[in-house]
Structures are given as structure tokens and as C-alpha cells.
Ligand code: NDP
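Just one chain follows, in the form predicted alone, and it is written as C-alpha cells.
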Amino acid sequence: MIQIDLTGQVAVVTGGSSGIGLAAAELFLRAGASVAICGRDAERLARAERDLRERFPQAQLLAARCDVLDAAEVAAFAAEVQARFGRTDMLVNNAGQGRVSTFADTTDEAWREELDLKYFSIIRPTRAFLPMLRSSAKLGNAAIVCVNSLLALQPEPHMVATSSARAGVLSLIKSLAGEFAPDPIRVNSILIGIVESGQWRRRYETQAAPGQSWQDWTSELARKKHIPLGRFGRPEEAAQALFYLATSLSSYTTGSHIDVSGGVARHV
């Protein structure tokens, strides 16, 4: 990976207590940035903070419990970052999970929950951190990166609500990129396929055959899902794409996305 020194810069990662968000926080810390992470689960967040502090004892790290769907909590998180670090240069919007449902069995309430999660997990943090990002843009790099799904371009019939919401998020990101370009704040996203996560680990525990290893189970599932690389993605692989889009390594890229799906995308 290309080395870059982020000393003096601040990265904020929502959903940073596990998976892709935690892997991204590690990359920013390794590059010398100050990092603020948040998450809804206080216990999981505390574990993530302990782990990061053990591996990066000199790190400038802030971990705060925050539900990104709660405007007051997001505003408080932004104020805490402002008080602690005085700036924000990079915002990674990483929150949300997939909802398995068809049109026939998705209730009105489920539709509202899905749209609320996918949209406002981006809208509220972006709104709260925008003043700091605008200030940082005058000094150099300022970027917003969102974790989106390949479902935005390649919908699945058994995930109708999530696919629809993800497509809308893709349009939102494009719109924000155009609106914030004069600042200049770059706005991009990654489109993930299947990436290892706690959700998949739980499925493995209930669905795997007796004695079947995680690697064998995921490889078999990858074949069934026709993933050309024949395996699930790893959180750090998605995080590396986030890191690229968040830093000056991608200084002439905005309103774009990187496909991190192992080649499963069928669109051109």
C-alpha cells in the first residue's frame, strides 16, 4: 500500500467499533491521523477502543457511544470531536446492514426503517461535521466517504427494500459531490459485495455442517453466489478502498465509487 503521512489530520468513522469501520480506524491511526470512532453498542465500542489503544499506545483516539439516527447524539459527537481535536478532515459514513425481504413481505414500517437507516446514517453525520470539513477544505484535503452496497447497481429480489435504499444513497452521494465540490469537499463511496462480518459469523454457527470450517463454509457459499474470486471479502480490503478515497491519494476523484465485490458485479 502507498504510504501517506496523515499527522495533524483527523478522521471520523461512524460504525467504527467493528468490521469495516474498525479496520478503517486502524489504517488511519497507522498513518498518523487522530481518529474518532462511534457506535451504538457501548460494550463493543469499549472493546474496540481497548484493542486500538493496545496496538497504538501513542494514538490520539476518541471513542464515543452514538446512534447516528439520533440527531442530538450526532451533534454531541461532533461537538466532542471539535473540543478534542479542533477539526475534521475525513468523515467515513459506515452504518447499516442488509434486510432480507421481498416486496410481498416488507411492511410499511420495515420500508420506513430501511430508508431511515440508509439515508439518515449519512445525512445526520454529514450535516453535523460539514462546518469542520469546510474549514479543513481551506487547508487541504477534506473528504466524505460512504460505505454502500453493490445492491445499489445490482438489486436482489430477496432484498428489495435494501436494494432500493442503496440505489437512492448512490444518487445522494452524487448530488452531495456536486454541491460540495466548490468548497472543495470530495464525496465518494465504496460498493461492497459480501464482506466477512459478525452477521455472517452468526450464520456460519447456525448453518454450517458439523465439523465444517469457516473457510470451507464461506468458500462453498461464494461458489453458490458465483463470486469469481471464490471467497468473501475481508474488512481490511474494504477499509483500504475507504482509506484511498478519504485521503489525498484520490485528490481528483469525487462523485465516484469503488467496487469491492470480488468480481461479482455483472454490470459494465
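All residue numbers are counted from 1 along the displayed sequence. A quick note: this is a predicted structure, and the numbers were derived from the prediction, not measured.
The discussion below concerns the form predicted together with the named molecule, not included here.
Participant: Quick one: in the predicted bound form, does every one of Ile4, Arg134 and Gly140 get a heavy atom within 4.5 Å of the named molecule?
Facilitator: Not a single listed residue reaches the named molecule in the predicted bound form, so no.
Participant: Since the chain is shown here on its own, which stretch among 102 to 110, 126 to 134, 89 to 97, 171 to 179 would lie within 4.5 Å of the named molecule in the predicted bound form, judged by heavy atoms?
Facilitator: Among the listed stretches, the partner-contacting one is 89 to 97.
Participant: So in the predicted bound form, does Ala33 come within 4.5 Å of the named molecule, heavy atom to heavy atom?
Facilitator: Ala33: no, not in contact with the named molecule in the predicted bound form.
Participant: Going by a heavy atom distance of 4.5 Å, is Ala63 a contact of the named molecule in the predicted bound form?
Facilitator: No, Ala63 is distant from the partner.
Participant: With the partner left out of view, is Trp200 within 4.5 angstroms of the named molecule in the predicted bound form by any non-hydrogen atom?
Facilitator: Flag for Trp200 set to yes.
Participant: Can any non-hydrogen atom of Asp41 be found within 4.5 angstroms of the named molecule in the predicted bound form?
Facilitator: Yes, Asp41 lies within 4.5 Å of the named molecule in the predicted bound form.
Participant: Though the named molecule is not shown, can you say which of Ser17, Gln9, Thr247, Thr254 has a heavy atom within 4.5 Å of it in the predicted bound form?
Facilitator: By the 4.5 Å criterion, the partner-contacting residue is Ser17.
Participant: Out of 155 to 185, which residues reach within 4.5 Å of the named molecule in the predicted bound form, heavy atoms considered?
Facilitator: Only a single residue, Arg166, comes within 4.5 Å of the partner.
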